[in-house]
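Next comes just one chain, in structure tokens: the form predicted on its own.
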Amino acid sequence: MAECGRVDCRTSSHTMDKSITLPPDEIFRNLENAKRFAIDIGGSLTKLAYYSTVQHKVAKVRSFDHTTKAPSDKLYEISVQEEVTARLHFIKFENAYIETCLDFIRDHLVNTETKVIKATGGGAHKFKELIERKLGLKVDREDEMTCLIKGCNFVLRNIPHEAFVYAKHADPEFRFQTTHPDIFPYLLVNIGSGVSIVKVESEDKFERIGGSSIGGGTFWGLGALLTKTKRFDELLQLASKGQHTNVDMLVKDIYGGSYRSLGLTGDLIASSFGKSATADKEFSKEDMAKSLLHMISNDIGQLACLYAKLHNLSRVYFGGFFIRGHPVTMHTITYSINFFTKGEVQALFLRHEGYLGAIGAFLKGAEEDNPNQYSWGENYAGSSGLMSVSPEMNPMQRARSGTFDMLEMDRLDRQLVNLPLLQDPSSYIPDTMDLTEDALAREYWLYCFEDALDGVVKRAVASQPDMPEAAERAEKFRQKYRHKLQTLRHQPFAYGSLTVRSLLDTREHCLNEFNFPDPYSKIKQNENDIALRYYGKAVKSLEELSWEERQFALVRVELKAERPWLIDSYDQWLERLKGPPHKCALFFVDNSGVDIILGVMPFVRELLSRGTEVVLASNSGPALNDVTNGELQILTERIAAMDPVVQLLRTEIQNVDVMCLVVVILVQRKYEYNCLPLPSPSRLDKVLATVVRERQTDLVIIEGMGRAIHTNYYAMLSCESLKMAVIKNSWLADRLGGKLFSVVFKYEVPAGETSQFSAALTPS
């Protein structure tokens, strides 16, 4: 299993086994800054949660005071500062190793302010004295079901692609669901030793509406009697190799085929273990385990269907010790749900279902800090990801014995919400291409990112010339990110849907992990300084043109190409401009330098001249060569001082959270690469969403290949939108039916809306 470690609890010392895959401090990270602990101990697995503060470097910009003797050719100065952020850590390991793990935590826990540990699960009672003795903390036990629901709500709200549908014979097998703005109501079927069925109606309102004594414990107990196999995972492994039809009596065994009048196919199980009563032979352990797994999974699936239909619920999440990401289990439950509801109810599984109780217990202990008022994001640098238990699917299989799973989440500076202008937030998918579904695209982009790794390392080192240890940190970054890419090649579903955006997210997280906050800061500074010198001349040239010539020149400066274009609705846009001005335009800006100063700002100036308010949206933090909010504020202030049109009219500048990050597009791989931002309107700053609503925004402009093609190409908005990009990647151009440097100019009006000034265009 990737990114997990082994602990040998048979040693007499309190240290980790020397053969551990990851150093102990990479498993239990930031323990010295831990503020709060929670633990969930089940029948075989222990889940530890703790909150820590993480100190890391951030790049800040500050405008020069040009009344002093500061360098007159520089707009702003760059400084690197230390910043403290909050991080949640979740670690899952086997109970057999609990003593050694607690010893390690005790030996490295230096924060004496921590007095209490929240605990849930059956082991909160069983191991209470052990935990208190080892850690010197008081154990405060919490209700298991309450913790479970709190944890489930938390991951559904905060982790994109947390829930997935499993389809055994599909490609891909895992289909991830987008984060829904309203997660309630839903049914949670928690399969532990027994089964609890819970209807969840709101954050704090839930009810256990049913259950069954036939659950994971039944499978384990009967399986042990039938096969003499005592370990749960070994029993699952036997089941994955078995053939249940050797043991189960099918419909065709009774009727010689299907029972058409009742709609029963011949391959349907008529009687679990039915053949064992009449056949005079020995049955293999594998076949019996498979039959048992089918029997219990089908029973649970039917029970879940009955409760879902009784309470009119279409979303059913399955979790608990019994699931454990096992393909055979998920397939059987999914088949059962589909059969009994004819597709009306969907079986959904969770990437982090094993952490729900620990997360809930932590949240119970953190209520004074109100963690739900923040948004959280998964840190890909410190998370293990979803792994398969099937060795056939993955050579680095999840061998549970002595291994660790890890999940890390960072608290974001601001609360993220949906963009109010999305036509249907529940169906919005930010990424145009899902690399988990497209094997050729996946291999191409993984190769591109691997091929670019040397260049990224070189740029990271060059960004910190005064730090001798930068080369060593950059090498550690290289190793970590390459390992992530290798994991994704074997397990593209490890972190949900794999996209070009998620590959960049992962790279940014790894860069930040090793204190490279903004490798492009000085490059951006130089490009901004140079481009600003030409702003006045560019505006003067535009003003000398006729109105119609100027409109085309503004677009041509953005797109740097003459017509014909691959996607071309410029004529409709021009007609729209002949009509009344828009009330407010939301403009997602792109790269620093020429793009923002000589491309975006003249375009914005024209909108302002028409009487349209403009909201400029930028990344809140560094993401390759994107212009950041701090840089944009300085640039806009300087341009306003030079240009009375910009000075007299109001411009709002707001943040797009850095979690949106960027896409890197490689131009023929070996050459310099262009960086393009990737906003996801389902993860935007709440302040920006409020401004958009209050200003009655009726136009959204999205520029750049990352924003307008890799993401949001098919995004449907409730207002007019303009998507502009030059395709700077030959592979992508070919995919879209064009050539390198083809242009996309896509003006759209919401479906069903007509205007004498514009025409609705369907996505190409």
Partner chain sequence: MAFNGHGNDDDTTDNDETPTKQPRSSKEMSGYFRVEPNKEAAAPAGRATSDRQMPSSTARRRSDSVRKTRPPFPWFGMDIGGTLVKLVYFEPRDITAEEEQEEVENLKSIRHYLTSNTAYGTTGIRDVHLELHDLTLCGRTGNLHFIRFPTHDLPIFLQMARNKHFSSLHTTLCATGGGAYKFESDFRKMADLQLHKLDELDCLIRGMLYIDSVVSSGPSECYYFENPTDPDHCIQRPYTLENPYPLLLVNIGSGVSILAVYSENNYKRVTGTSLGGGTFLGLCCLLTGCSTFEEALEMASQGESTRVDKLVRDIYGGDYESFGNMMSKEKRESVSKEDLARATLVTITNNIGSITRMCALNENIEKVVFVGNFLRVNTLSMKLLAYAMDYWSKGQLKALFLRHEGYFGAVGALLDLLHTS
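Because the structure is predicted, anything quoted here is derived from the model rather than measured. Numbering follows the first chain given and starts at 1. In this text, rigid core is short for the largest set of C-alphas that superpose within 1.5 Å between two forms.
The next section is about a form of this same protein that is not shown, the form predicted in complex with its partner chain.
Contact with its partner chain, judged by heavy atoms within 4.5 Å in the model of the complex, is confined among 75 to 83, 89 to 97, 188 to 196, 632 to 640 to 188 to 196.
Site annotation in the model of the complex: the residue of Tyr534, Tyr335, Phe283, Tyr444 reaching within 4.5 Å of its partner chain with a heavy atom is Phe283. A heavy atom within 4.5 Å of its partner chain in the model of the complex is found for one listed residue only; from Ile254, Leu313, Val645, Val594, this is Ile254. Although the partner is absent from this view, Gly221 contacts its partner chain in the model of the complex, with a non-hydrogen atom inside 4.5 angstroms. Within this chain, Gly266 is remote from the site of its partner chain in the model of the complex, having no heavy atom within 4.5 Å. In the model of the complex, its partner chain lies within 4.5 Å of some heavy atom of Phe340. A residue is said to contact a partner when one of its heavy atoms sits within 4.5 Å of a partner heavy atom; Ser271 meets this definition for its partner chain in the model of the complex. Along 285 to 301, a non-hydrogen atom within 4.5 Å of its partner chain in the model of the complex is carried by Met288, Met295, Asp299, in order along the sequence.
When two forms of a protein are overlaid on their rigid core, residues whose CA moves 2 Å or more are considered shifted, and Ala270 is one of them between the shown form and the other one. Core-superposed comparison between the shown form and the other one: the Cα of Lys285 travels 2 Å or more. The rigid-core alignment places the CA of Ala494 less than 2 Å apart between the shown form and the other one.
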